[in-house]
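First, one chain by itself in structure tokens, the form predicted on its own.
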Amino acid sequence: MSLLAPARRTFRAAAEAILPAATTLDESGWASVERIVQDALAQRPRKAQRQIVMFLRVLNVYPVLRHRRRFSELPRETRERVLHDLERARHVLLRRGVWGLRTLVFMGYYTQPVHSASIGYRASPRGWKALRT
């Protein structure tokens, strides 16, 4: 079972709130994003893997008292506000969770050549040599 499987719905809802361009992804696009994120997480210690999944689970129930719905069931604008509130939370773990999740979403999306080209990112594994040719 994949690492994100238990929290896939929350991950996708958060990704759409963090990066609105993610709303255009089809199922194969989401599979690519999740594969990149899971490959990156697989290189991290087990503790870090558990923390990101735990954060996604906490994120999904966090808005229940205020909005009476889980995070993944909220409209995108409300999800954006929830994440914005959490990135300013008093508890450092919540702030770190938002920033870590944001980093994973950006990595999963923009490391795909089609998406990095769309923003003009032209870095190459060949370094400066790629620009000279």
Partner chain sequence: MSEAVTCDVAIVGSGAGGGTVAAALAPLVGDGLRVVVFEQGPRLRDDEFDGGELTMAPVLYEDGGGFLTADGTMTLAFGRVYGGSTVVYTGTSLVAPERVIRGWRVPGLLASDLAERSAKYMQQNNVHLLSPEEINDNNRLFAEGCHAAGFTAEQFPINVRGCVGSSLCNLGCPNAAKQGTHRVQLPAAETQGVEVVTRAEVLRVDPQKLRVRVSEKPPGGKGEPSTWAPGEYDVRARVIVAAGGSVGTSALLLRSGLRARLPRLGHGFTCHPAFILVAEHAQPITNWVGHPKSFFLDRAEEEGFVLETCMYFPFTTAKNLTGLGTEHAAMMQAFERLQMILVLACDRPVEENRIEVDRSGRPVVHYTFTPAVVESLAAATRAAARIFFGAGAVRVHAPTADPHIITREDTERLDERITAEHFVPGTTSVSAAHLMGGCGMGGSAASSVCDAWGRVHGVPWLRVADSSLFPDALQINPYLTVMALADRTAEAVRRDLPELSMVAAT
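All figures in this text were calculated on a predicted structure; none of them were measured in a lab. C-alpha atoms forming the largest set that superposes within 1.5 Å between two forms make up the rigid core. Positions refer to the first chain, counted from 1.
A second form of this protein, the form predicted in complex with the partner chain, is not displayed here; the remarks below concern that form.
Each of Val92, Arg95 and Tyr121 places at least one heavy atom within 4.5 Å of the partner chain in the model of the complex. Residue Arg44 is the only one of Arg50, Arg69, Arg44, Arg57 with a heavy atom lying within 4.5 Å of the partner chain in the model of the complex.
Not displayed here, the partner chain is kept clear of Leu74 by more than 4.5 Å at the level of heavy atoms in the model of the complex.
Interface membership of Arg126, defined by any non-hydrogen atom within 4.5 Å of the partner chain in the model of the complex, is confirmed. The partner chain in the model of the complex is approached by Leu131, whose closest heavy atom lies within 4.5 angstroms of it. Interface membership of Leu25, defined by any non-hydrogen atom within 4.5 Å of the partner chain in the model of the complex, is ruled out. Contacts to the partner chain in the model of the complex (heavy atom within 4.5 Å) from stretch 86-104: Glu87, Arg88, Val92, Arg95, Arg96, Val98, Trp99, Arg102, Thr103. Superposition of the core reveals a Cα shift of 2 Å or more for Arg126 between the shown form and the other one.
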